[in-house]
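So this first bit is one chain, no partners, the form predicted alone, shown in structure tokens.
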């Protein structure tokens, strides 16, 4: 009886959390202009209107470029930082690790305001570079955590064997270490892209005038009116933010299975 009540409570909580998401997805296919039930028919007209909306497509391209650049930079820095902190005796290693992981512990709005005030104190105005830097600062800890967890499990003697056979440290990294790290690298890159693509709090503080990402575009559209296009755009965001981590987990598991064989 006790476990049954716990299961019912868990189902109710998850239903309360995800039912609004399901409603948004259903209304994005509603043929009626007004979001109401019962639905009057099934239609893709709002996705077509979304495709023909220049402002939304510009925001989508900006989010895509920003997410890809954030993923590349965060993944590269995360790999280098993880190698230094795990494989070498760096002075103050624990302090450096804490500093790199700290952005996860700080509320994003506090981090956004702090970075904006610091750069304003330096005389640096809002720009796309500032927006990119903020996203890198926010996503880098996630990449480091994923890559470090994988790097710790890689045996050091495998790399030492390659070095003893005449390979240089750079050759050892690309031929031995990086292939073994690829599941974590792929997962970290997809996490960084997804977090960057979905971020709105920091983006509102860091973006320059005239630059919109998909989340800020949705926020702007909601301030004016509730258009059915918002439901369609929300569905696209849901598919990307849920699908990419699942894809990353699948890729990581596939790569780990192949390496295990």
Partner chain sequence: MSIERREARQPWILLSPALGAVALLLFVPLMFIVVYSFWLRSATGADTVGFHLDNWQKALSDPFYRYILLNTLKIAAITTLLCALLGYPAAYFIARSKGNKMILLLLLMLPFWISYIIRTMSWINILGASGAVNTALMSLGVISSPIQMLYNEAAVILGLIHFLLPFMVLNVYVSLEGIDTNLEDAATSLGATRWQSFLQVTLPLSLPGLAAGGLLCFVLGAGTYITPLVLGGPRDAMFANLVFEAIITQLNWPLGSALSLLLLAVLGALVAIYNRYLGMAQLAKGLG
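Between two forms, the rigid core is the largest collection of C-alphas that superpose within 1.5 Å. Positions refer to the first chain, counted from 1. Note that the coordinates shown come from a computational prediction; the quantities given were computed from them, not determined experimentally.
Just so you know, the form predicted together with the partner chain exists too; it's not on screen, but the next bit is about it.
Visitor: Please tell me which of 178, 158, 99, 165 lies within 4.5 Å of the partner chain in the model of the complex, judged by heavy atoms.
Guide: Only one option qualifies, and that one is 99.
Visitor: Residue-level contact is defined here as any heavy atom of the residue lying within 4.5 Å of the partner chain in the model of the complex; does residue 201 satisfy this criterion?
Guide: Yes, residue 201 sits close enough to the partner chain in the model of the complex that at least one of its heavy atoms falls within 4.5 Å.
Visitor: How about residue 182: is it within 4.5 Å of the partner chain in the model of the complex, going by heavy atoms?
Guide: Heavy-atom contact with the partner chain at 4.5 Å: absent for residue 182.
Visitor: Spell out, yes or no, whether the shortest heavy atom distance between residue 205 and the partner chain in the model of the complex is within 4.5 Å.
Guide: Looking in the model of the complex, residue contacts with the partner chain include residue 205, since a heavy atom lies within 4.5 Å.
Visitor: Verify the contact flag for residue 29: yes if a non-hydrogen atom of it lies within 4.5 Å of a non-hydrogen atom of the partner chain in the model of the complex, no if not.
Guide: So residue 29 does not count as contacting the partner chain.
Visitor: Taking heavy atoms and a 4.5 Å limit, what residues of 232-247 are near the partner chain in the model of the complex?
Guide: The stretch 232-247, when checked against the partner chain in the model of the complex, contributes 234, 237, 238, 241, 242, 245, 246 at the 4.5 Å heavy-atom cut-off.
Visitor: Does residue 153 move appreciably between this form and the one not shown, meaning a CA displacement of 2 Å or more on the superposed rigid core?
Guide: Shift at residue 153: below 2 Å after core fit.
Visitor: Residue 122: with the rigid core matched between this form and the one not shown, does its Cα shift 2 Å or more?
Guide: Yes; residue 122 is a residue whose C-alpha shifts (by 2 Å or more) between this form and the one not shown when the cores are overlaid.
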